[in-house]
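As structure tokens, one chain now follows by itself in the form predicted alone.
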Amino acid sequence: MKRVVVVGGGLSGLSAARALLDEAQARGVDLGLTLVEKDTTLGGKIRSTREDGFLCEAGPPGFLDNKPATLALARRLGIEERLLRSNDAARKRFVFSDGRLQQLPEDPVSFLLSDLLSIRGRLRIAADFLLPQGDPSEDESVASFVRRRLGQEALDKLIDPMSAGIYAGDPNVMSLKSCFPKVWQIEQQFGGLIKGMLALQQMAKARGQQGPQGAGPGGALWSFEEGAAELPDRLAVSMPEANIVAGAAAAALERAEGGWRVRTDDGGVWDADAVLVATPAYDAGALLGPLDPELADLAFGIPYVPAAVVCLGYRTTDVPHPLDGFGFLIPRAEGRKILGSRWDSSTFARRAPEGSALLTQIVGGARNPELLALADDELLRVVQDEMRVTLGIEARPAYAKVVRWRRAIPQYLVGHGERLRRIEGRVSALGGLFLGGNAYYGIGINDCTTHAAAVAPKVVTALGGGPAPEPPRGGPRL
């Protein structure tokens, strides 16, 4: 029997463990798998809590269908009947700019006609047609790219809030290639951003696809009836053959005869032929330090920003805005104390009781990390004040919940691609060691499940497994 230890019981570790068991079975490898997780709760930052009829998501609320991995995994687990597709209203997104909510345009032409930007700002965006292509070898910051192609106003009013909404980050230090690879690819393929978005629109129409095509990730948002946490919960129960050890942190990773040994802080000792470390980068760095100090420094060099999630439930009659969309983001220049508001009860069914609305606000990030020092009651007062200013809500919420993450979201800074190249080289040199988690190849649910499906064959190959089976004709059924 070959033995594998997966360190980390978030979505990355759980989906990788499931993929490893499936891959080993398909290739005739007798596999013994142990997963260790320091928390007593599996799923990492994906946590869904229903209280008083409100479903509060402490982490991501769902995933897009622009990649097949997560939908395919849900079907593999037999929970496709519990999938929920976002309501049509979720296509509408807003930005709080110039002291009011304004709907974001959905396509390049609408951007050029929208009064969200000044006439000068719109003309500057139109100038993108005339600008030369950037240097493909340069790892440019998000802010530098947007200033170069679209201008300062587009950065301040559009891209800065988007960067905060996805990464809670600062576009001045975020890597364009690593954070928004599709945007970089559009410029490289078509020579310009607006030109490329229009070309994508025409290509989509030729294929019979409806709806706007842009530089964003695209696709419809999906979740489950009782929230995103259904996915890691189901993954855990789908693996009765695995030894899942929760509440035990990996304290040491050591060389052992013919492989590896993982020691946990509760005295557990687990020998393995291969180890997959699917933890946050800071935990991976601590574990890898005694083996390779340079590798540990590379992992420690991936920073995280703090964030608090504040779920508020209101009677719909207390909310003046119709909440006819996904929610809104806020540019830094507005000086507000939340990054934005997600209207969960408008996005998915059964997120709030009848006659009520659930709004989820994100506080902190790279913009206002000091707000995480506030006590819960103070933080709630701050967020309620923001609801009054942005949505005109004067009433007190019927439901409130605060969830804090001291290190919430990894930041892909300029140079992240080169950092990954060096990390991969040093991990490969150790032999029988693999990395997973959202610190490296993407922070979303789809990124985690996609990487899990990709790393599993590599691990089984390293264990001496036979050739991988041929994929079914036509690829996975969607």
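All residue numbers are counted from 1 along the displayed sequence. Bear in mind the structure is a predicted one, so any value in this text is a computation, not a measurement.
Beyond the structure shown, there is the form predicted in complex with a small molecule, which is absent from this document and is the topic of what follows.
When the small molecule is considered in the predicted complex, residue 405 lines it closely, a heavy atom lying within 4.5 Å.
Not displayed here, the small molecule is kept clear of residue 30 by more than 4.5 Å at the level of heavy atoms in the predicted complex. When the small molecule is considered in the predicted complex, residue 11 lines it closely, a heavy atom lying within 4.5 Å. Although the partner is absent here, residue 250 is a contact residue: one of its heavy atoms lies within 4.5 angstroms of the small molecule in the predicted complex.
Contact annotation: of the candidates 414, 443, 420, 427, the single residue with a non-hydrogen atom within 4.5 angstroms of the small molecule in the predicted complex is 443. Proximity to the small molecule in the predicted complex, defined as a heavy atom within 4.5 Å, singles out one entry of 142, 278, 299, 231, which is 278.
Only one listed stretch (35 to 43, 427 to 435, 48 to 56, 22 to 30) carries heavy atoms within 4.5 Å of the small molecule in the predicted complex, and that stretch is 35 to 43.
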